[in-house]
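What follows is a pair of forms of the same protein chain, given separately as structure tokens and numbered structure 1 and structure 2.
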Structure 1
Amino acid sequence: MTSPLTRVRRPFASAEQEAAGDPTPTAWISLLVRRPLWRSVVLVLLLILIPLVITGATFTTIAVYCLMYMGIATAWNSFSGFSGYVSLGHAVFFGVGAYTMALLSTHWNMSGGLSMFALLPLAGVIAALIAIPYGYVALRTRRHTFVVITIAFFFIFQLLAFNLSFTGGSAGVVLPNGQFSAADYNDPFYYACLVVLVLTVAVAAGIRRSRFGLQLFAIRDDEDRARSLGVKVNRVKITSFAVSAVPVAMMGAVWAFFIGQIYPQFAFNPALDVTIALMAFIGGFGTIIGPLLGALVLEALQRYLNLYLANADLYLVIYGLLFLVVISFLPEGILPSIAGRLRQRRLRSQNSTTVSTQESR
């Protein structure tokens, strides 16, 4: 595996390739490929255009969920992937965001419409405020114990949602109607998710390049050594935990508004925790592009499988088996394994051509 501090290798037009005299693509494509910022801008523009071009409700619903999970997986990865602390409790923040949206909008008698999205930052702030004490307690433990304690926190929050008087208990909360036109009802949610996603990716990429990110990677590689080198490990871990909670809560808030009525067992959903870990794994831990691709592939696959099979139990079996097969053949995750094999093949073909040039040197 690559060291965590190396940047992700660009898939096309690498220096070796150009040196080897590969045919370069047309100028503007290579510009896109070589400038990550340009690439992102074009990608975002494409994402903005998608709902204008494809308007089927099934498609846009799936698109909303894809963006939602891409954001959540990126946020999760910016903590767990970077620091090595595997959190199975991020669904807490999703639920906190959903309940913030539901309870505040009904409390203030909001009438739906775009103004509802003004609650998103508030949901993020509340989640971060919860994440600080939560992280302070949980991050005293490591590895497996940390995993279990995040699970314990998750069940505490689910129980609270079921049993506290102000949450509406198992009857759930009905949110104000969206008041959007039926023809493009999904579009506001799509763009809300897109905005949160872009911010999340920007923050995650920023962290990855920053001193703060380096400190996180140092903790992942060897926490005791990082501490002895002067990294304020507790502060760094808790800050990262709280930062990663914000987008998850915002997506939870969008989700609550999107589906219109929330119940404790779906707002605080134990499967969400494992799903996002799975997405990040499939794409590649600790990278930026990994969770994005993993979430996109997996969420689309899940939604289509669910629609196509129309049998939740059969779907569970197929989904689980599929994953077991994938892990048996591609133990590093789909994308890293494929990338690794491609790189190997390229190196091999380069070696066979460079042997002669080296001899002539």
Structure 2
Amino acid sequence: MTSPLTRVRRPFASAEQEAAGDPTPTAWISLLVRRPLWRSVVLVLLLILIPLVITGATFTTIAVYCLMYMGIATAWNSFSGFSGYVSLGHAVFFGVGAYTMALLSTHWNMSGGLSMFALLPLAGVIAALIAIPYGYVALRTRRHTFVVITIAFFFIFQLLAFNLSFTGGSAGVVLPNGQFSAADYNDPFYYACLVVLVLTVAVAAGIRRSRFGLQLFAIRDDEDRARSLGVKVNRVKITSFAVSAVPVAMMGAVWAFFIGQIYPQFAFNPALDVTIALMAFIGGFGTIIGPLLGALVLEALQRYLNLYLANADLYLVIYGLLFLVVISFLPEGILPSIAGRLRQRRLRSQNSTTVSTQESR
């Protein structure tokens, strides 16, 4: 029988080796906790099962919007959070994706079935192509001016949607009806949003860990210093801007198909930019998990209040109060602030332990 002394954990043993050497539930739980990839796989599996377990139309509708805004906030954060350039014009890409879905599906006389989702990548590509000249003009300025320019670009696109003939003007565009059963009508849209969300988070995590991500963080910390160190600042910013536009447009296309009819004032909605920025700031600006948490909490809260309260705009007041609370007490966002306080508490505990040990000696 193995002696207890031989079961002391090896300092450099991996979690997989630990699990292989000790096939107990504790070892497997340790594996899941230690490995972000395993945690992500388990979370995705749970999200896949949710519509199969909870089939209520109200719940799945809220779930669709939560996944949609989680993806949009993550995409926005992969540019603004990593580069420090706060964009208030990403609603342009949402509207472009919505109109791409609407116009192409009606022009090609599509039936309204699952084949409609094949237009999502095309919506993302068109948004990226628009983002390149858009970013080339807007990103030649510094941060504060950039915010103003993105707002100006947004209203330009909104006015174009109102006045161009092929967009339908103020009458909007009616999309083909979704050919899905009434019992599980929301499920295809839920899974479409989930696929886009998973890809968006994977790309954001990859950017954060890559050399490209380091260049973005260098720009956020000190743009002039990054340029002096050889970073192609303009190229990096425009590339990141275009990449972040793709998931936003794809979510806009899903939204257009989901509601069945779009109007310029809703496809190009200025509240979208404020909302996703608020989600990222509340969860944790520049993190991966922060925008996901912020979007999940705020969007679920908004949908709940719209359903069960007479005043549909009350959520805006709650948004403002929540934002004031976070800025006052958790200025870095919920997750970074909590992590920082836990780190300080751990350091204080270690210091007190060290002092007590020295005194006992």
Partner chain sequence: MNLIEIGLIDGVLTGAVYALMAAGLTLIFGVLDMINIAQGIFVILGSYLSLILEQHLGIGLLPGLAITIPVMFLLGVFVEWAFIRRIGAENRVTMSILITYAVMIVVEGVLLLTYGSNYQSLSASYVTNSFDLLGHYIPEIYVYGFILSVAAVVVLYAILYRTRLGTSLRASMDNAMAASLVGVNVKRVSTLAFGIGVAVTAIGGMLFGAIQPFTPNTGYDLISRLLSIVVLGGLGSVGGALGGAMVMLIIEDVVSTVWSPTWAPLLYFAVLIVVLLVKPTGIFGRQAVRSQ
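FYI, numbering is relative to structure 1, first residue = 1. This is a predicted model, so every value here is computed, not measured. C-alpha atoms forming the largest set that superposes within 1.5 Å between two forms make up the rigid core.
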The form predicted on its own is shown as structure 2
Between structure 1 and structure 2, how far the Cα of Gln344 shifts once the core is aligned, in Å: 3.7
